[in-house]
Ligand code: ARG
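Below you will find one chain, with nothing else, as structure tokens; this is the form predicted on its own, and questions on how it binds or moves follow later.
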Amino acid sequence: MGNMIYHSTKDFDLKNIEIGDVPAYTHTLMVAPEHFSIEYEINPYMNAAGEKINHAKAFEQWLSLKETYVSLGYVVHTLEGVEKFPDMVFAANQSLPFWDIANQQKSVILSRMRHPERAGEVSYFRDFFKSQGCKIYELENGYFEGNGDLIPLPGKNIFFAGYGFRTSSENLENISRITNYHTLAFELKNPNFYHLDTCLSIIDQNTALYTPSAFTDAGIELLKKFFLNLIEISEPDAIKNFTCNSHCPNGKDLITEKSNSKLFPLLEKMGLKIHPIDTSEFIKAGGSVYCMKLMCY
């Protein structure tokens, strides 16, 4: 199929690549927040000495998000949290579910976490996907943080991939080979946006939210070439409100941090139904809506 990794507009043209259809996700995986806390500092948002989590409020916020996915018709699976893994609640990071087109099989690539504090979380996801009958793949080297850095284009065998902080560039080739998905690669340059899901939110096949300061010039050009409607989110808004950590699971419902309210009129004019969720407790640790769930089959 030729080159399936695209770093710039020079080697990417939709007219010249073979795109396949994949089924929509029907399930959501979340991790209960009973052990969520800030015990260490592995991103710019964490302040282990100063920020304390209101656990009752965090559970209320998490439950509201879970109930939103249920209301939209998704089957929500819940893993129990583990005391020694306070970040396990950010369920987007430990794996990458995908649909194997050639074998018509639900599959998953397990993550290799960048920080040792989170590495042990992955085994619990391995056990879950094994129980679901998924084919499981594991990478041998480097780092890879799952759906946090590999965001699928809805309904197509295309990934948008971020690398540079939590995912190694060399693993993009391995992931593309395993999945047989086309992969648009974006070098992340701003430590405030260490995962792609903090600076890019795909609404549908034509529309996305993005924060320009997270990307190189080549990355911005590639995004502009792909999306007909690319909505710019300022760095302050993306940091404070985690705007680009919103999630549109079906092209019509947008689940987003409630403090993004000034953006709601624009999004509603586009035909989106907004589901505002308070995720303030989780933002303290560097995550919001997209980080707290994992779409799967």
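Keep in mind that this is a model prediction, so the values were computed, not measured. The first residue of the sequence shown is number 1, and the count goes up from there.
Although not depicted, the form predicted together with the ligand is the subject of the following passage.
Engineer: So in the model of the complex, is the ligand close enough to residue 215 to count as touching (4.5 Å, heavy atoms)?
Structural biologist: Because no heavy atom of residue 215 falls inside 4.5 Å of the ligand in the model of the complex, the answer is no.
Engineer: Mark residue 43 yes when one of its heavy atoms lies within 4.5 Å of a heavy atom of the ligand in the model of the complex, and no otherwise.
Structural biologist: Residue 43: yes, in contact with the ligand in the model of the complex.
Engineer: Report whether the minimum heavy atom distance between residue 162 and the ligand in the model of the complex is within 4.5 Å.
Structural biologist: Taking the distances in the model of the complex, the answer for residue 162 is no, it never comes within 4.5 Å of the ligand.
Engineer: Applying a 4.5 Å heavy atom distance criterion, does residue 294 contact the ligand in the model of the complex?
Structural biologist: Residue-level check for residue 294: no, no contact with the ligand.
Engineer: Of the options 186, 144, 98, 90, which one has a non-hydrogen atom that comes within 4.5 Å of the ligand in the model of the complex?
Structural biologist: Going through each option in turn, the one that passes is 90.
Engineer: Would you mind picking out the stretch of 188-196, 152-160, 123-131, 172-180 that comes within 4.5 angstroms of the ligand in the model of the complex, counting non-hydrogen atoms?
Structural biologist: Looking at the other structure, the answer is 188-196.
Engineer: Quick one: name the residues from 148-177 with any non-hydrogen atom within 4.5 angstroms of the ligand in the model of the complex.
Structural biologist: Contacting residues: 148, 166.
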